[in-house]
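Shown below, as structure tokens, is a lone chain in the form predicted alone; questions about how it binds or moves come after it.
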Amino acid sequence: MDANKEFESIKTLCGAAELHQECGKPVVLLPGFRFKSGGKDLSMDLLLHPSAHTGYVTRLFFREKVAGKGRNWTQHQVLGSNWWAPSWQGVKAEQAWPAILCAHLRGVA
């Protein structure tokens, strides 16, 4: 998968997105990303890890826990700061990054 091409597709969803690397793998910071959770509009920094991390094939990290949504939230240090991630399995890495992002957001919808 071409990380630069995938990153360009993510930028159509979040123009302020930043592509980083951690341990040689791409990580996308989505500053102030807007999404719906429990019928409410939320805005929060997100971090998309479109490859394996801590036993999951892909992960989406949130700056804060989403109250009342997701299960088994755990705190992680990624790109030098603390992030939260719910346990949300089965989001395959062999799909476009926007699809990975949307699949993870279903875990807190």
Partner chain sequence: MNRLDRQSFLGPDSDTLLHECTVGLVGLGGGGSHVVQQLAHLGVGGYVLVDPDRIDFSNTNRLVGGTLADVEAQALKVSIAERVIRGVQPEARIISVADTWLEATDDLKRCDVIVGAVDSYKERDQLEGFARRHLIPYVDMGMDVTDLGNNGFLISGQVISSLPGGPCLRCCGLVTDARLEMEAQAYGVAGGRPQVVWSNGVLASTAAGLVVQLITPWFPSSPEFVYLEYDGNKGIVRPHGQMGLLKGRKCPHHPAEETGDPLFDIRKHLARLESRSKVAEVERVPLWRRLISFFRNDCS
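Source: prediction; values computed, not measured. Numbering follows the first chain given and starts at 1.
Another form, the form predicted together with its partner chain, is not on view; read the next lines as being about it.
- Interface residue remark: residue 72 is counted as part of the site for its partner chain in the predicted bound form, having a heavy atom within 4.5 Å.
- Taking the partner from the other structure, its partner chain in the predicted bound form has a heavy atom within 4.5 Å of a heavy atom of residue 80.
- For residue 76, a non-hydrogen atom is located within 4.5 Å of its partner chain in the predicted bound form, even though that partner is not displayed.
- When contacts are judged by a 4.5 Å heavy atom cut-off, residue 43 does not count as touching its partner chain in the predicted bound form.
- In the predicted bound form, 24, 25, 29 are the residues of 24-43 with at least one heavy atom within 4.5 Å of its partner chain, listed from first to last.
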